[in-house]
Every structure is written in C-alpha cells, then in structure tokens.
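Below, in structure tokens: the form predicted alone, a single chain.
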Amino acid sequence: MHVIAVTNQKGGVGKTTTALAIAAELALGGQRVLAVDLDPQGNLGMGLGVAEDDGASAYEVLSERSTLAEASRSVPAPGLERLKLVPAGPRLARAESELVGQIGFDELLKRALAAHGEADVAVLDCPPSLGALTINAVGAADLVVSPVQCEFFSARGVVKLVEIVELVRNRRNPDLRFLVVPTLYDKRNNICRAVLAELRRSFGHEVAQTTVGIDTRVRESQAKGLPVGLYAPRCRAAKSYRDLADEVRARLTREVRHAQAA
C-alpha cells in the first residue's frame, strides 16, 4: 500500500481540499483508498459527507485500541464506493499530548497501516502543525504532498517541513518523496507569479506541474459534503485536481519501478 501524507503547518492553504481531492480522484480511478483524518478539526470527514459519531476513530487507532478497518466508515457520495474514511473523532486533540514521550510513538500509524490490507493507497490529512500527528504521518509516508499558497509567508513555512522530510529520509526512509503543490494561484497577481517562480527555483522537480487556482466552487462543494470533482466536475479546480492526481499516480508508479530495478 502506498501512503500519501498531505501536510503544511500553515492553515488556509488548501491542505484538506487537496487531500480530499486526491483521495476521491484515486478512488474514482479504480483504486481502493483509505482516507485518514489526522486533523482534530475533522474537516476531511465533513468534506466527504460523513457525519461525526462516537465510534472508533483515528484516536483509537493511534492509542492502539482499534484497527484501521474497525475505525473506517463508508463514504455516501455516489461513485466513491472504493473510498473509506477513518474520521478524526472528538478525542483526537488529546493525542498530541498523550503520544509524545511514549517509546516508538512516531511509528504508531506506520504499524497500523502496515497491518491494513484492505487498501491500495492511504491518504493522510495532517493538522496545520508539525507535532506528533504530523510526525506520525510523515514517518509512515511514501510521498509527502505539501500544498503551498502562492504568497510569501506560506512559502517560507515549507522550510521547516522540508527539514522533517530530510530527517525521515536520513534516519528511516531514504526513498521518501516530496511534492510541493502551488495552491490559490492567481496568474494575474505579480506576487503569485514571483512566489511560484521562487518555489520552482528552490525545489525544482519537487514542485508539481499542476497549479490550483482560486475557484469558488471549492467552497460550495465543501458545504455540500462532496469532493469538488463530483460537485462541479467541469470547473477549473476539479480539472486541476484531476491533473494533480495523475501526477501523484505517476510519481508513485515511478517509485515502484525504481524499487523493482534496485
């Protein structure tokens, strides 16, 4: 199973929207997808139309009281029968303080995913921080996807995440991939164009070819509890996220070929 962690410590950059869209597009493409909501705000579940309940959730998985299969929910949207969700749950906010200090706390999610044989891909939506939950996700990932709004403060925030990715590469997973996704891009704005150019200079091939622009249909789709690709499949954002899903799929495929060659 491939694991994709979607993360950025800065909020409001399209992180959950990106995680939701990638998960939905991969499922629509025929893969069995497990979406895991690691953000205590629970927006991934809301974006998929899954109501919050008192059942097992990501918290119970991380505290080793439940398996991913036991905590997963079906997604009601038509066409997404191959997509399952592990919701954040009302107790997940406690995990940050409870996990730190435990021996091997940073590998709890990795072990749970390794024991889960019911998905081809897992998409992890991380909280807007670099705490225990995000460290668990990055440590379990094959590919870290970081949505970055095309403005200077957001772009600067990627530096700390890169340090964590490099740490994981050096200590645990030398094949960990990293992909920066420019979001909320406005080609008419000089600052947006300058930030995008700087991202490409700084990160090279680790910047996605796809840029995601501003599109009001995204907010509408969130209110409806649907991925934008199902809510408004012809809008600009839906097309961009389909292209991004193709990029992600291609990068994971190249990773498999590289591993087989080695």
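Please read all numbers here as calculations on a predicted model, not as lab measurements. We number the residues from 1 along the sequence you see.
What comes next is about the form predicted in complex with a small molecule, which does not appear here.
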{"query": "Proximity of Lys10 to the small molecule in the predicted complex, heavy atoms at 4.5 Å", "finding": "yes"}
{"query": "Any non-hydrogen atom of Ala194 within 4.5 angstroms of the small molecule in the predicted complex", "finding": "no"}
{"query": "Contact test in the predicted complex: Pro90 vs the small molecule, heavy atoms, 4.5 Å", "finding": "no"}
{"query": "Proximity of Ala132 to the small molecule in the predicted complex, heavy atoms at 4.5 Å", "finding": "no"}
{"query": "The unique member of Val212, Leu62, Val33, Ala208 whose heavy atoms fall within 4.5 Å of the small molecule in the predicted complex", "finding": "Val212"}
{"query": "Interface segment, criterion being heavy atoms within 4.5 Å of the small molecule in the predicted complex, picked from 199 to 207, 65 to 73, 50 to 58, 33 to 41", "finding": "33 to 41"}
